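Okay, here we've got a single chain as structure tokens, the form predicted on its own, with questions on binding and movement later.
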Amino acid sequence: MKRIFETGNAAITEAAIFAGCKVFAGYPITPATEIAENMSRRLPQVDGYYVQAEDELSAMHICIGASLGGLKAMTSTSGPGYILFADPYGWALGSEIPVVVVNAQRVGPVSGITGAPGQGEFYLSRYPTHGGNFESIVLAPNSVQEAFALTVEAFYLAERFRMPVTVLADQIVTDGWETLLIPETPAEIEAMGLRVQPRRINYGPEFYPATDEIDVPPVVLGHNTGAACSDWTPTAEGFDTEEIEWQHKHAHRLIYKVRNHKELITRYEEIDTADNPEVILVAYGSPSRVLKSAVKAAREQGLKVGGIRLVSIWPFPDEAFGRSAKYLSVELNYDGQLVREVQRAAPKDSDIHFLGRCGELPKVAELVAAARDLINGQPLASIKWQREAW
């Protein structure tokens, strides 16, 4: 096992190389710039290609073209660049093109503060493009090691579901320095639970089958496949069509190939929930690390508090919220995004609350105090913009 001290950006780079990425195209943006820098150094060492794009839009298009050429591809950005992916992201979803997209979230709106963490693209990652009629797959690491593992997993899911997959990180994860373990033997790979799916080629004649099945090889142009690809609704052979029946079939596939195989995607961690706690803290990404410490501290103070840490956030794991309780969603924003999905998924007699921070993590003591207030039936302490106004 190789053991190094590195950042989340370096971990994502090494994971992409491990998963077989051969093309990276990107545009510099804090806090994801080091991914591009590292990929420019590492890809030539494995016969890969680094492309410095003129902007985020072109970077995503380059990755799509590389994937259609039969190569695994990845791009990375932060919030201002992620929104620019909207059109090509839709093309990749509709044409079922495997691509891995990393978003190192920073505080917003718009450019915000480049060096402060945020969680403002929760819903944008679910609906990264226009038109609807699709599902998305989004994974959210909370550490350097998990950034490595989930980037490898993103490539695996992108190939099996043949679609773009987003790794929704945040500035603390991508800029943070921690121990990183990189497996070097088959036994170590298996012990870490890493899965790698080689690129295959679809030789037709059905390039876009009207089915919810996964593991259909992706469309690759050239290689004597005779494949066709565009951003219009396709027939099974990949030809553009205006027939509504094919639109129905295509939309059904884009939605249900994910929904009907959700068990391959969904990951979450329950912390001290076996005794049906009175308050359940909920978070993903960096705030989930504070959550775990807060649950431990609350238990030591005799408070019946548990936690749910989301690892995959889309499709949303409704099944994690089957208990009637007081839920407290902890997020790096002030508008409240994750909290709305908790409200939708939790039993109707549950009491849903929100604690947001902007550009900095909440303190363990804050979460414990909030849990105590909820248990005692008191309103959450708040001042000015920190009120629970979601």
Partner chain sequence: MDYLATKYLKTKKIPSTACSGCGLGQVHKKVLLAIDELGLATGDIVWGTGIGCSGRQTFNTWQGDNFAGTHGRVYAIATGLRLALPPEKKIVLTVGDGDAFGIGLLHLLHSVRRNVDMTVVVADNFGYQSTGGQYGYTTPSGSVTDSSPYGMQDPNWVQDGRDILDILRAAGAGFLARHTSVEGQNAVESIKKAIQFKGFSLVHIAYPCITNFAGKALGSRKPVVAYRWLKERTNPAPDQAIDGITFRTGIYHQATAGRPEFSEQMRNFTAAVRKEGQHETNGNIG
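Positions refer to the first chain, counted from 1. Keep in mind that this is a model prediction, so the values were computed, not measured.
The same protein also has a form predicted in complex with the partner chain, omitted here; what follows describes it.
Contact check at 4.5 Å (heavy atoms) against the partner chain in the model of the complex: all three of 49, 68 and 230 pass. The partner chain is not drawn, but in the model of the complex it has a heavy atom within 4.5 Å of residue 222. Though the partner is left out of this view, residue 190 does not reach within 4.5 Å of the partner chain in the model of the complex, counting heavy atoms only.
Contact between residue 62 and the partner chain in the model of the complex is found at the 4.5 Å heavy atom cutoff. For residue 241, a non-hydrogen atom is located within 4.5 Å of the partner chain in the model of the complex, even though that partner is not displayed. Residues with any non-hydrogen atom within 4.5 angstroms of the partner chain in the model of the complex fall in just one of 270 to 278, 145 to 153, 293 to 301, 83 to 91: 83 to 91. Checked against the partner chain in the model of the complex, the candidates 57, 364, 345, 361 yield a single residue with a heavy atom inside 4.5 Å, and that residue is 57. Just one of 17, 368, 23, 10 comes within 4.5 Å of the partner chain in the model of the complex, counting any heavy atom, and that one is 23.
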